[in-house]
Structures are given as structure tokens and as C-alpha cells.
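We begin with a single chain expressed as C-alpha cells, specifically the form predicted on its own.
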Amino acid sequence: MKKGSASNSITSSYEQNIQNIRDEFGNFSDLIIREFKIGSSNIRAFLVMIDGLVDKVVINEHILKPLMRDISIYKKDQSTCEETYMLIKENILYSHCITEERDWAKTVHCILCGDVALFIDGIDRCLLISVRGWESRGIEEPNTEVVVRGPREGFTENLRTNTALIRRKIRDPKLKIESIKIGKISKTDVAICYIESIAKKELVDDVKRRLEQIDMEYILESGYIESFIEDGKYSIFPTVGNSEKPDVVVGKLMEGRVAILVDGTPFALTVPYLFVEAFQTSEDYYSRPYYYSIVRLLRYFSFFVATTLPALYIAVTTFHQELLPTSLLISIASAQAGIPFPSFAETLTMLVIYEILKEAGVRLPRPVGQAISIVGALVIGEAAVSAGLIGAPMVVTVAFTAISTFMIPAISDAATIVRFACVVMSSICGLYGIMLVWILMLIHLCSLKSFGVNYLAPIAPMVVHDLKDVFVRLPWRILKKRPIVLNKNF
């Protein structure tokens, strides 16, 4: 209702209600007001809807047709407006969800969300009929979490589809899905999911409190919310997890975490998020544990390589040549002969080129992105070595670093920043600089918390009970009990 309007409630005047709708929506080109008479009577009514947000077939077949033709079978000729209204509400409309509303603001909001409002002459309230039916993407395998074995379905941009995907896997009434709206203008629907008997009440209350404190005009993606609710506001490490896969989110709910789904994005947030989760994938739990335990150890090793290998190359070739075997040292020295740049400049240049190629390959269309990868890997790398600008050992080092980064996508951003810090410090202090960066990083990780849980748990503080799913994945018959770091104060 605009300022200056006499009332915030729906009136019984047909003309006044239509005028209020037009005043509220102004020149909406997609606003539809469909006026008609109910059955063979002279009682006027009109529907209000937003084109594109509603299912027109359902409106024609299950709302307009019964109201304009089928109602004559049930309606008495001398029925009053109130009797006709109750007949329509209880017997005529074919819809699973019909609510009665008197408030203008709520009515306008529901219309904007895709409901149809039915106004009847002489009735000071309306019926809101749920016929939401906009175009949306189907359920597909997410590109960010491809698996060889496991479910192929991923979340979509439709919130209700996503909650249904979770509900389909947890058929228990203790799965709670609570909805709130965030964004002063966008009024984005956000769903909080948790299992009542597993998730701690303090955690659920903390999530609700942080969400309610978000003061934004609009929310377009779950990343907006993540930045408001995370711990360690200035940390390079994520303290809120995200996933496109329903089975991953359900697994975390079963451990006692809380999931946050946002309308308009396929990425669900999960809290608390621990450092060790960056080295776990859903496929670890769908296959036999022996091979994937080795793979998990390789992920930890990949994190070390992704953050430290280029810095180690600088340190041993510049400060600590005595650490290398003589034959290897001679091989590296011969490859670097004629290179006009010091190791630090050589390494930094290659790392920056790699980041540029990666960003270009991601943003461009897939066929062009593959071409960029070929150009970067073969043409630029080979040409730079042939021209004597870059040594072959450096190309191998950067390539191995890049491949290792892909093993830990959840913390690849943080690994990249740590890598550059190690490169800079190793060019100044050699191995001592790398050790300094790692010590500072470990101190920082030990100080982080995610919704009250230590970020490095169960490693620091050590919880022996939960180590069975940290460095290796033990068989399911041993993993039956939930991690206790999420259920006690660690």
C-alpha cells in the first residue's frame, strides 16, 4: 500500500481494490489483472498475477474454468457474496495450497512471489492460490563436484526443489526446514535445515541469530550470506562449507551440522566447517576404504606441494644448493644456464602466468577454455623454454604445483595465497622464510573457530575418537558413531 492510502487492509469495494493494485504496482508491464463474473451470476471478481511467475495452464484449467463455468452446478441463484466466497474456497478451486489474506503488504508480497490473488466483489479479503510455475533448470550433475561413483544429482536454483532433494534422502520428521527472508528489497527465501535430534540447539540458535542480523538490500547467491556469518572475517581459509550435491549436504546433516539453502543458487552452505573437510570427498565413502585412504593422504601431500614447492625450488637453488645431490644440482644448473632472470623472478612470472591462464580458461566458453589450456601448456611453456626465458625445471615445478592445487579445490584459494607468501619469504630467507610462513599459518589455523568448533579439530585439539576419518577413511563398521567434536565443546 502506498503512503497516504487510507488502510493497509483489503476493502470490500471491487473498484477500490483494483485501484489499490494499480497504485501499488504502477506500470508493471508483466502485471495481469483478469476481470470476470463468477458463473452465471453478476458477482464480479478479478485475478492478479505476474506473467512469467505463474503456470498459465493451471490457472486456465483449475481456477478460471471452475469459477466461470463449473461453479454454476453448485451455486444457488440467490447466493450472497459471502456464501459464494466460501463455496469457492471450500469446493471449487483445485489447488493444494490456498490461504486467506486481509493484509495488503502480505498480498502484494505473495503476488510478487508467484501466487495468484483472487478478489471478489463485496469481500474484504482475498484468496492467495499457489500456482508458481516459472522456467527453471532441471536436476543435473554438478560440474564442480564430479564423481566416478555416487549420485549424479545436484541442487538447482529452485529452493523448493533443493529442499525436496534433501527430504527425499532423510524421511524423518525430525528433519527440520525453517524458512526466513533476507534482503530488504530482494526478500530472498532462505531455508535452515537440521536434524532436531542430532544438531545442537546452541548451534541452530547461533545460525538463526547470525542470519537474522544480516542487513543487506538484496541476496543473489549464498556467497553473500557466507561472508556475513563466517568466523575469522579476514582469514584466507573458509570457515563455511558449500556443496552442490544433496548427498554431501545430507551426510553433513547426519553428523550434526546445519545446512543453509538460498533461493536462486545451487550452492548450499554447511556449518560448522573444519579444515579436514577440505581433504574429504563424497566418493571416499562410496568405495572401499583402502584405495581412498591413500588418495586422502595424497590430498594432504598435494596441499603441501601446492603451497610450498615453488618456494622450495627458490630456496634450494638460491640459498641451500648443498641440500641437492650433485647430479641433480648439475642438471638444474645446466638448465638454468643462460636464463636472464633470478629464480625468484622466474618463479613469480610463471605463477602469475598460470593464474592468468586458469582464470581465462574458467571464464571463457568451454571449447575456447580448452584452447587456452593448450596454448598455455604447450605453446607458451615450450616457447618460453626454447627462447631461454624460463628453465625447464621451473615449468615442471609450476605444472606439478598446478595439478596439486586441483586435488584440494575447497581451499585452492587459500593455498594460492600461501604459495605466493612462501615464494616471497623464500627469496628473502630461504628455507627459514618458508618455515616462518608455515608457523604463522599453523598459529592462525589453531586460532580459528567455526561456529564454536576449533577449525583444526580433531587434530588440534586432538580427539582420538574422530581421527578415524581424518588422514585415512576407516571401514563403515568403525565409522558408525558420529564425530564428537560437533557434539561437545571442542
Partner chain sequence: MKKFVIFLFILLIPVFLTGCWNRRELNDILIIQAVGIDKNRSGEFKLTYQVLKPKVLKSPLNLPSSPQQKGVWCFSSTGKSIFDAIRNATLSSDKKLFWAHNKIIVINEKMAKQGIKDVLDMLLRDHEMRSDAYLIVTSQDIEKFLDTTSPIESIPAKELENVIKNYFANAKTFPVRLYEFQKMSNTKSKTAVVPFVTTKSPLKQSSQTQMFYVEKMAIFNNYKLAGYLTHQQMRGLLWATGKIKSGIYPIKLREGLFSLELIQNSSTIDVNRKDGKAFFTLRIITETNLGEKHSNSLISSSLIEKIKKELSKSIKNDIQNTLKKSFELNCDILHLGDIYYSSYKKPLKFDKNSISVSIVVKPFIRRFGMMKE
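Residue numbers count along the first chain shown, from 1. Every value quoted in this text rests on a predicted model; they were computed, and no experiment measured them.
In what follows, reference is made to the form predicted in complex with the partner chain, a form of this protein that is not presented.
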Out of 396, 211, 348, 329, which one falls within 4.5 Å of the partner chain in the model of the complex, going by heavy atoms? 329
Partner-free chain; cross-checking the partner chain in the model of the complex, the single residue of 99, 80, 334, 136 with a heavy atom within 4.5 Å is 334
Looking at 455-463, 24-32, 40-48, 428-436, which stretch has residues with any non-hydrogen atom within 4.5 Å of the partner chain in the model of the complex? 428-436
Is residue 179 close enough to the partner chain in the model of the complex to count, meaning some heavy atom within 4.5 Å? no
In the model of the complex, does residue 412 come within 4.5 Å of the partner chain, counting heavy atoms only? no
Looking in the model of the complex, any heavy atom of residue 321 within 4.5 Å of the partner chain? yes
With a cut-off of 4.5 Å between heavy atoms, is residue 289 one of the residues that contacts the partner chain in the model of the complex? no
Within 80-112, which residues have a heavy atom closer than or equal to 4.5 Å from the partner chain in the model of the complex? none
